[in-house]
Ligand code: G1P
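What follows is one chain in structure tokens, specifically the form predicted on its own.
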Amino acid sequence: MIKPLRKAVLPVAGLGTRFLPATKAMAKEMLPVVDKPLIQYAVDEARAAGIEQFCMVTGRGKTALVEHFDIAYELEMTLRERGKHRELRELREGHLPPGAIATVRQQEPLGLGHAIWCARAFIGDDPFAILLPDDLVLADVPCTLQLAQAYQETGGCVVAVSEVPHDQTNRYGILDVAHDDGRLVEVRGLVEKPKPEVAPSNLSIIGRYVLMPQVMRYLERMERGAGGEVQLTDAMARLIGEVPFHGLRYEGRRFDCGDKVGFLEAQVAFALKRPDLGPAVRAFLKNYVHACAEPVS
């Protein structure tokens, strides 16, 4: 019997150094894309997949991430008194029920695998999703919902994958493929950041996972991998053969919002999809396209 997917872990302890000075006093996951912070996109995506419980693996200075999902009584009262019903409705859509969020501290920056291990008590014996808020996916069907549906088909672990240029495999966790039907990939092995000349494929894992709790047995060993960190990819690789393991070629477009260019591109892409903003954004983009096309004197 396949257990229902109800839990998600969100690793949000990073310092956001690539976005300094903006992130000096603000968590990078609170950076907005159009008018919602990255952390809310992640939580909304997970909720669309039926996730009910969330664990944020945080660090110092990250309290705003939890407060964002709390009830702001004074603000809501002010909006109500001023007749700003649309804004009030949008604010309330981000509320989470009492007890839906737990937090744990990752006290040392020892890698993604270590961050997930910090949530071990929350995970218990249940399957769980992982969402990295830096990875923002624009899709008609939310990416985590696609993973949850694939998990119901296959059981075991399912990770979202996409193709990357061969010369960039050393930036990602890469799949060793046993079988590929064009949608689901049966995984034979995983390699963290392999050099292009030895990479088993160009299928990379993005920041969306559904994992089995057995992965904790390998994370607790605290074995160091690439970069001297506890790598989640290494622990997941140990599960292959123990539980079913698949990659899903998700439908959608991923934006790396941990990178400045990716973050700016996400702003444009998400704004263009908005009926209230798309026409105006298209209009001003034409001015910039025209300016870029003019010869430099």
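Not measured: the values here are computed from a predicted model. All residue numbers are counted from 1 along the displayed sequence.
In what follows, reference is made to the form predicted together with this ligand, a form of this protein that is not presented.
- Although the partner is absent here, residue 117 lies well away from this ligand in the model of the complex, with no heavy atom inside 4.5 Å.
- Not displayed here, this ligand is kept clear of residue 183 by more than 4.5 Å at the level of heavy atoms in the model of the complex.
- Heavy atoms of residue 207 reach within 4.5 Å of this ligand in the model of the complex, making it an interface residue.
- Looking at residue 193, you'd find a heavy atom of it within 4.5 angstroms of this ligand in the model of the complex.
- Within 4.5 Å of this ligand in the model of the complex, a heavy atom is found for not a single one of 72, 88 and 90.
- The stretch in contact with this ligand in the model of the complex, judged by heavy atoms within 4.5 Å, is 167-175, chosen from 167-175, 119-127, 143-151, 92-100.
- Note on the partner interface in the model of the complex: the residue among 246, 254, 62, 47 having a heavy atom within 4.5 angstroms of this ligand is 254.
- Contact with this ligand in the model of the complex, defined as a heavy atom within 4.5 Å, holds for exactly one of 233, 40, 53, 58, namely 233.
- In the model of the complex, this ligand lies within 4.5 angstroms of at least one heavy atom of each of the following residues of 107-146: 112, 132, 135, in sequence order.
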